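For reference, the chain that follows is the form predicted alone, supplied as structure tokens.
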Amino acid sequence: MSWETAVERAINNNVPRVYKILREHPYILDLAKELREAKLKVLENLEYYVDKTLDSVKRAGGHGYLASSPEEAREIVEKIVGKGKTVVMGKSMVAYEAGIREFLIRQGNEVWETDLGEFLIQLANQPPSHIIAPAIHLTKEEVEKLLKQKIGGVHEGSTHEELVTMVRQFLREKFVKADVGITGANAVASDTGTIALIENEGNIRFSSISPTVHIAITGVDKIVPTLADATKEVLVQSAFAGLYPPTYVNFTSGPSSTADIEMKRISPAHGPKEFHLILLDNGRIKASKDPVLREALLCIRCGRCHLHCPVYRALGVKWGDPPFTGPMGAMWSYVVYNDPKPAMYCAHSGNCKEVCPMRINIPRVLEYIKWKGNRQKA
């Protein structure tokens, strides 16, 4: 089996489904247009919205932080988590960008990825190959072999359902005993400090509800003006990812609470006692001030551009700086790593621009990065 086999199966399963979703739910396209305008409003005044968001998180009973770099993000996480803890992680590209999992392991913590794709690449010690399907490069046969070696209980010729069941059984104990849950955020509402998370597996609910401490780490680019805008983002993202309607949408505003005694709202209740939101800059605020690079920050991480790009189909995970692969990854490799090399591989087919829900002119952004990269070399 090969990358070509794996990506062909993914394209055949995903691409027709996205077109079908958009035909059956045409209002998604209107929501996408509204979302683009809302996100542009934030990016034109990003520092103001960062401050407003952190104030809103505090009003909701949580703790908010702005980390200028991955190093600062790790320092904040270390102070919250400490050592000797069990940590379960929902899928978070920004946590990967900041090196949170490996850092916590080095600090003496037991850390498990709980998204199935992230769990597989953790076991395989490989980087993610797609923005929402990090193990897209693994065929079923390769997953079967990996699980058989690492956790056992898998037989030759297992079905997809049997493989998922084995992972479910393995991770269930980790969820129950976890001290800390770390998730990302698909959107952050500036007016309420609420994070929105979309998923289908249920692992994010476990990770954000079962432990006594919930840490959400995401980029400042995920801020939107209102909770209504955050709702639009999760609906649009799920549709263009081919997973509409989403199985679960989670909204979190501070730690758990109850008002069941005399209608007085107190905290905590059954869920986490603590909620921490870490907003990572790492080049995003600087990019927001550049009228061309600002477009890259509109990305909602649906991953649709990957499967329509001939370069990604040829190169896969080799194109970009993980976790940022594919056309959007070539933009983001420059934004957060100052690496113009991935942009150089763009062949300017233009498919990415046509299928992007945020109407990002990705070829134009990559052409601009190529120009900046050549200037750096001169």
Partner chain sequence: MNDLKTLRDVLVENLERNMMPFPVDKGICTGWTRDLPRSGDTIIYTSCMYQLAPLFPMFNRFLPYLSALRSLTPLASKLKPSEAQLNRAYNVLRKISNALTAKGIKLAYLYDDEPYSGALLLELGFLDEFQEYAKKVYGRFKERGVKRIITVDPHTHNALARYSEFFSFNVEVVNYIELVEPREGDANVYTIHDSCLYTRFLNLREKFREKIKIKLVEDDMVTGKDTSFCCGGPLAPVDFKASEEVAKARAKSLSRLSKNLLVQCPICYVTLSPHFEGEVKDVAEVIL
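Residue numbers count along the first chain shown, from 1. The structure presented is a predicted model; accordingly, all values stated were derived computationally and were not measured.
Just so you know, the form predicted in complex with its partner chain exists too; it's not on screen, but the next bit is about it.
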Interface residue in the predicted bound form among 63, 52, 341, 36, criterion: non-hydrogen atom within 4.5 angstroms of its partner chain: 341
Contact residue in the predicted bound form, from 280, 307, 204, 296 (heavy atom within 4.5 Å of its partner chain): 307
Contact flag, residue 21 vs its partner chain in the predicted bound form, heavy atom cut 4.5 Å: no
Contact label in the predicted bound form: residue 349 to its partner chain, heavy atom within 4.5 Å: yes
Its partner chain contact at residue 314 in the predicted bound form, heavy atom, 4.5 Å: yes
Residue 360, heavy atom within 4.5 angstroms of its partner chain in the predicted bound form: no
Three-residue site 78, 166 and 170 fully in contact with its partner chain in the predicted bound form at 4.5 Å by heavy atom: no
Residues of 344-377 having any heavy atom within 4.5 Å of its partner chain in the predicted bound form, listed in sequence order: 344, 345, 347, 348, 349, 350, 351, 353, 354, 355, 363, 364, 367, 370, 371, 374, 375, 377
